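Take a look at this single chain, the form predicted on its own, given in structure tokens.
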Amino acid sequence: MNKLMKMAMASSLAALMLVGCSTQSNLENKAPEQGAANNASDKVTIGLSISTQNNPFFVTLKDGAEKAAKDAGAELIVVDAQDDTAKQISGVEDLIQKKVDVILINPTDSAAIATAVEAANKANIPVITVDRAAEGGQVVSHIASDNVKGGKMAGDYILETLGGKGNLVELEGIAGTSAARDRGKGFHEAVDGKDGVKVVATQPADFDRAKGMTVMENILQGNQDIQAVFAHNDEMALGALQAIEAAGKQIMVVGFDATDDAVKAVNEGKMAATVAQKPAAIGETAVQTALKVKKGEKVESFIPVDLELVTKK
């Protein structure tokens, strides 16, 4: 009897040891999976709402942001507003639903985008504006070139080249954008109140090349005596150049952004100059700033990116 009991106890002990080993083995096997899940959750996700991908400047900005995100091992989700404010607000709402860590917004309309910024604020998602500012909601940082300074650079260059006299035309960007407002402000700081200088036409062409051409054609029909055109971006400048060439006129054209097409036109002597922003650097800086915000680091409320005037080499 004692022998039988001892054998039964030995069998039970062996079974318990096997169960224990099996349980320990299962836990050890599951541990890496849990760690992998933790690593996945540590990955930063950044949303980028961009005004349009139909403009080379913003394509380059997006490319810069994507490169910076890839280098940092972060995920970048890009939504294209296609220059439609309602579509942009909807896109930002989608990013909020995806629970991204930080949202970068390049507004189509600085005032209207406030609604989307406020929605992100309520969801406790930090917002950084890029190239164009927002006129409402709480923004952690704004990353852009100094557009007022750039507009003044263009105006000063035009006056210097014309010898301080001439009739000028201004093609404005999309009404309501901070870029259009600030570039126009800088331009007028340079040219307004100067003897012998007159801005004979100021009309919007919405940052669009085709509209730039149409608007310039209309201006030329009513104003034959024009010495220079300042366009708030290169797309409009190139459109204006088409209209000027078709009319057989020689008029100085200065743009803004230094897109590849514009720089080529400058080097060929067709455009006089363009103010060079650095869109790739703006995109890279935006993502780098987002990563700092996610880590809880303090960032500046405005982070400027350098400008320079590009003229014929």
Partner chain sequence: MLRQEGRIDMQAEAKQTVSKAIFQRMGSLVGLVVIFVALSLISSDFLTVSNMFNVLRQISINALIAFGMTFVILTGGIDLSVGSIFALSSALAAGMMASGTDPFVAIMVGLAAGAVMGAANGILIAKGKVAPFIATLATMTVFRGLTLVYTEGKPITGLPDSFALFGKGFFLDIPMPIIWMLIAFAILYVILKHSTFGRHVYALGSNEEATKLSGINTSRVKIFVYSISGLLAALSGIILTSRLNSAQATAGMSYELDAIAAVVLGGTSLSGGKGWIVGTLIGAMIIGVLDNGLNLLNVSSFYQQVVKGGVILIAVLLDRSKSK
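These numbers were taken from a predicted model, which means no experiment stands behind them. Residue numbers count along the first chain shown, from 1.
Just so you know, the form predicted together with the partner chain exists too; it's not on screen, but the next bit is about it.
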ask   = Just one stretch in 183-191, 70-78, 103-111, 212-220 has heavy atoms within 4.5 Å of the partner chain in the model of the complex, so which one is it?
value = 212-220
query = Within 4.5 Å of the partner chain in the model of the complex, heavy atoms considered, which of 203, 82, 121, 90?
reply = 203
task = With the partner chain left out of view, choose which of 167, 115, 242, 161 has a non-hydrogen atom within 4.5 angstroms of it in the model of the complex.
result = 242
task = Examine residue 66 and determine whether its closest non-hydrogen atom to the partner chain in the model of the complex is within 4.5 angstroms.
result = no
query = Does the 4.5 Å heavy atom contact test between residue 131 and the partner chain in the model of the complex come out positive?
reply = no
request  = Considering only heavy atoms, tell me if residue 86 and the partner chain come within 4.5 Å of each other in the model of the complex.
outcome  = no
